[in-house]
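In structure tokens, the next block holds one chain alone, the form predicted alone.
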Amino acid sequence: MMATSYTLLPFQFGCFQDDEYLIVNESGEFLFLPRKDVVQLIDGTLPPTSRFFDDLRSKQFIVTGDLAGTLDMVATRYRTRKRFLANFTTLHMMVLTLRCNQDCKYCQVSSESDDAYDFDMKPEVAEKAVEIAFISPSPVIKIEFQGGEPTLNWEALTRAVMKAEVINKRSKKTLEFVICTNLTNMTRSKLEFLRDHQVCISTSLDGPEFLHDNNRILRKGGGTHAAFIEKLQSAISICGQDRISALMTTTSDNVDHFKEVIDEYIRLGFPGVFFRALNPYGLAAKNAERLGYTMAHFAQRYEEALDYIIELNLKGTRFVEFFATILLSRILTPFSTGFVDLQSPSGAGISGVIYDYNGDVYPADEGRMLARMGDRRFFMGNIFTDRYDAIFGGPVLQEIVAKSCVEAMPGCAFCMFRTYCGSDPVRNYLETGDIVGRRPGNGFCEKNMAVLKILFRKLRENDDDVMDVFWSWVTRRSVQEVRNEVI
């Protein structure tokens, strides 16, 4: 039988396991095919009787009829995946102070002692940063207060919040606030302000006390877990559980204890966990020999933790692993996510930007961290000496955009996971001296590829229970709702 004539549309492919290949197209559609079928597909000899033929056609890997109409559908899906480019810039991070009452062993920003007031953002700097933020064409403005410990410079925070609220009466954008705090300096009056102005709280929790207190310690000595729990309960009672989230940092101390970390998060009422790998900045880089681990080891423990979380969900405890959820959203839906690290071109500067305590602007928190280490390579300008268009249209951001499109980056352009991934130009520069970087041995690449392989193995197995859990995470519903078991 003669093969039906078809036109190939662009896709990436790679050997996934044994003799089976994974193919992924620009729309994010994917299929698993035996090697012989991939060879026939590329040669143009795949017969229409192949069990994969209809799937290849319906998912726009091949076209047998209306090429122009199919290209329009692909273009629509591609535009949807790149929608984040239209909302330039949404996330505006403000470093209110470098002072901190804690001395965490992996502190990425190399914080200062809590009496180093020269590193505080002056209230007028905070207000000016808010004014700059609202020039952004994005319909959503999210202002995130960082440190050090931002509660140590409370006046700058309150002035920034109130300034943003005044401006937004005219701008009428969707306005959101987040404070990244260790909670241990929190007071009732501060919590009431956060509640009244709808400021969400993002805090840090590395697990139960025997894990958390290994690295998160007070400058005056002693662990922080007991104080954290006390302040967390106050925050929940005043602001509400749904306004508080937590982030963990994976070190050699807790990488083999993910189950205990998960149990602690559940005990404290958190809806999920983000297993964040260690980044090579500040004290994290200085103490890497003690705190570090191989990415292969991280991936092994991550998969075990993911299996444990899936089992919890199937037993009725809804709990999410957020990094997996972000990736699954990119794999199973055509929509872009707001996660800066998984965007092409990089979300640094486009989706998020950071204002240092002195008004200096960087495209990402990592760029500011690098400046703290003595290298101002990613300095974009200063809010008092440079106009908005000079900062956001200047050479730093132009170069990042030009050199961070994974579609054209060596080692990324033909990767089977490219459609779901992104780039980290600051880390590339730190590790190689070049913002394009090298993929072999790149920790960012190793982590993303390892987690994607884990997720795709589960997608390949297509277990009904696991898929129900995955879809519950992506659609923000319970497993029972996904199964239509809710009456």
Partner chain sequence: MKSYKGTPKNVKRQITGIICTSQHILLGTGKVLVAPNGIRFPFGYRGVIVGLEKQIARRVPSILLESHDISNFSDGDCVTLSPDGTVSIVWESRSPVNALFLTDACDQRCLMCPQPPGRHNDKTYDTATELLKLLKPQQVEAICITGGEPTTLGGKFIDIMTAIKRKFDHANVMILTNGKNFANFRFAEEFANIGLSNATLCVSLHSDIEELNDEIAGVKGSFHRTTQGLYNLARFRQRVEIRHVISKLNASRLEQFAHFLYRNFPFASHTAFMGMEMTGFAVTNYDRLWIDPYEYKYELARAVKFLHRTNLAVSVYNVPLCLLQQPMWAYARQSISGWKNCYLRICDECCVREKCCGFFSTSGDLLSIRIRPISHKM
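Please read all numbers here as calculations on a predicted model, not as lab measurements. Residue numbers count along the first chain shown, from 1.
The next section is about a form of this same protein that is not shown, the form predicted together with its partner chain.
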Revision key, fill the gap. Only one of 239 to 247, 302 to 310, 332 to 340, 175 to 183 sits within 4.5 Å of its partner chain in the predicted complex by heavy atom distance, namely 332 to 340
Point to revise | Among the candidates Met73, Ala296, Ala402, Ala390, the residue which, in the predicted complex, approaches its partner chain to within 4.5 Å (heavy atoms) | key: Met73
Review point. With the cut-off set at 4.5 Å between non-hydrogen atoms, does Asp19 touch its partner chain in the predicted complex?
Key: no
**Study point:** is_contact(Asp55, its partner chain) in the predicted complex, heavy atom dist at most 4.5 Å
**Key:** yes
**Study point:** Close approach of Arg159 to its partner chain in the predicted complex, 4.5 Å, heavy atom
**Key:** no
Review point. Should Gly69 be classed as touching its partner chain in the predicted complex when contacts are defined as heavy atoms within 4.5 Å?
Key: yes
Exercise for review: At a 4.5 angstroms cut-off on non-hydrogen atoms, which residues of 466 to 482 are near its partner chain in the predicted complex? List them in order.
Suggested key: Met467, Asp468, Trp471, Thr475, Arg477, Glu481, Val482
